[in-house]
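Before any questions on binding or motion, here is one chain by itself as structure tokens, the form predicted on its own.
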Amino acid sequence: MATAARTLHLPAPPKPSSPSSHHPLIPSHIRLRRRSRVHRIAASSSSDLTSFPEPTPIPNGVYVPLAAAHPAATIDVDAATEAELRENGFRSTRRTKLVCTVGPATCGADELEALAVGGMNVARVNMCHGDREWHRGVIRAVRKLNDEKGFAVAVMMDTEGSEIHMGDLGGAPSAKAEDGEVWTFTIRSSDTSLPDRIIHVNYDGFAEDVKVGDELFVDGGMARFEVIEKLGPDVKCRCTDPGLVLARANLTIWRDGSVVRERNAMLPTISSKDWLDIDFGIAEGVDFIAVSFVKSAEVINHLKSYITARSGGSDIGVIAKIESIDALKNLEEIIRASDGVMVARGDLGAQIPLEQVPSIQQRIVKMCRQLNKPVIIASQLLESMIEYPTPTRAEVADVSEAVRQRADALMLSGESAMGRYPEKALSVLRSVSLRIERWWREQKRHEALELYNVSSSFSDKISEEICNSAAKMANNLGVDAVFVYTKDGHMASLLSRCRPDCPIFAFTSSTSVRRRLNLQWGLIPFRLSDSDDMESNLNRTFSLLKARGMVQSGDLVIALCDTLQSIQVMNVP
């Protein structure tokens, strides 16, 4: 089962002085340039771009992108980020990215826009629930929102996986299991709704594999049952830990204090339904596919080859969900093979002792950082906000710890998919992230994390060294931002890995690369029709950003380019 599946009924869808060329903090091999404050646009650039008026506001406070109002402009930035930069400046920008699962509470156009305005960077669709037509409507609604309102929200599709899980609950979103109640788990299929307290299980060998005395953990422990009797295809169980039983929830079998995993280990990671869903995701052009219950790197490599063959050259990132013991045994090879990782703590916590989850989360976050892979912390971040408008203090502490660990992204599951307060939950993630990030910078906590050399070719090693140097310079000089011009996003990701104090403006000509960069820590991705002339790119970028009030004369920036493998320090003219 995919992480924290919660849905059933789905309705329609300040400025320092500029450095001298002999600054003791800057390596002598790096070229420094003090740019003149008298700026002239290159002859090949667009005419008088700085004369454009401010972006046109629309009623909800989101700005219409300049490129939409003025076709001659050739730069796009997420509207919510632009408004934030204009209002509060560089240092205010949130570095931690936010992922929201879209469900019946948030699938409407107004609700999706509210999430985008609130800071959603990635919209997740969970293939555990709803049919493909419903998900198609959500994906296209997100794309329409991006096109019409100037956002850059990426789309992640989450596969269901082939682990043992329950079926639907007769159309009900959930059922309450009370202490001592006897429920029946059956492998019998039925075309009609099953009676109350009888639940279908998707695995035909379920009744054979379980034993009297075994414990069943529902949805990572949201409820717990003890097997008391086996009657053919039926397994009678007594509720020992009451709670909500949710449709299509994952089932984990425990025996003598350990998880029973032999049969689960034999199930394929990607089921036949998952392959059909993957074809659907490729056809709809999703940005990421998250694979549930990954056991080894082999399935990741196979899926990436399949996507390459079927997608006609489109680049879809593959996210490995870490939620089983098998994944922990093969963790490093899985991370290396993937394009990112999701720590699915709910299902993972059903297979390992609960007290091990925090240390394993920290281990995964550290390893992903070292290997330059984005990492998402998911499951039960603000679980209480499904029902209540205010989170528990323990939940806020949990979110704070994930931000302190410098995870790339935080993810809402049921809180945004079916919760009563999805916008408030997103606001909590945003405000906590901003506060902890600001505290980190105020304390100047530049952690001495050893970063592995991840580049194989000599050219990539040069880019890696440039990014490492740029991040150190940015912190030592207190620059306002780092600009990186990148074709495929690789140099931007290397900068993100270094976690500099300032935001990273990543400029790419690719719309899909721009969206995918929206998952990585500290990156503000722009779409810019660039040229091979770095001087022209900088002139045009400064003009466009100044016209939109996003930078000011005197701002100190570091500029990098992956094609030229160059680095420059300068003031905005």
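Numbers follow the displayed sequence, beginning with 1. No experiment lies behind these values; they were computed from the predicted model shown.
What comes next is about the form predicted in complex with a small molecule, which does not appear here.
Heavy atoms of N121 never reach within 4.5 Å of the small molecule in the predicted bound form, leaving it off the interface. With a 4.5 Å cutoff on heavy atoms, G281 does not count as touching the small molecule in the predicted bound form; it lies far away.
In the predicted bound form, at least one heavy atom of R345 sits within 4.5 Å of a heavy atom of the small molecule. In the predicted bound form, the small molecule sits within 4.5 Å of a heavy atom belonging to A378. Figure note: of the listed segments 195-203, 427-435, 360-368, 345-353, the one touching the small molecule in the predicted bound form, with heavy atoms no more than 4.5 Å away, is 345-353.
Of the candidates T486, N126, S338, T81, N126 is the one whose heavy atoms come within 4.5 Å of the small molecule in the predicted bound form; the others do not. Site annotation in the predicted bound form: the residue of K149, K321, R497, K97 reaching within 4.5 Å of the small molecule with a heavy atom is K321.
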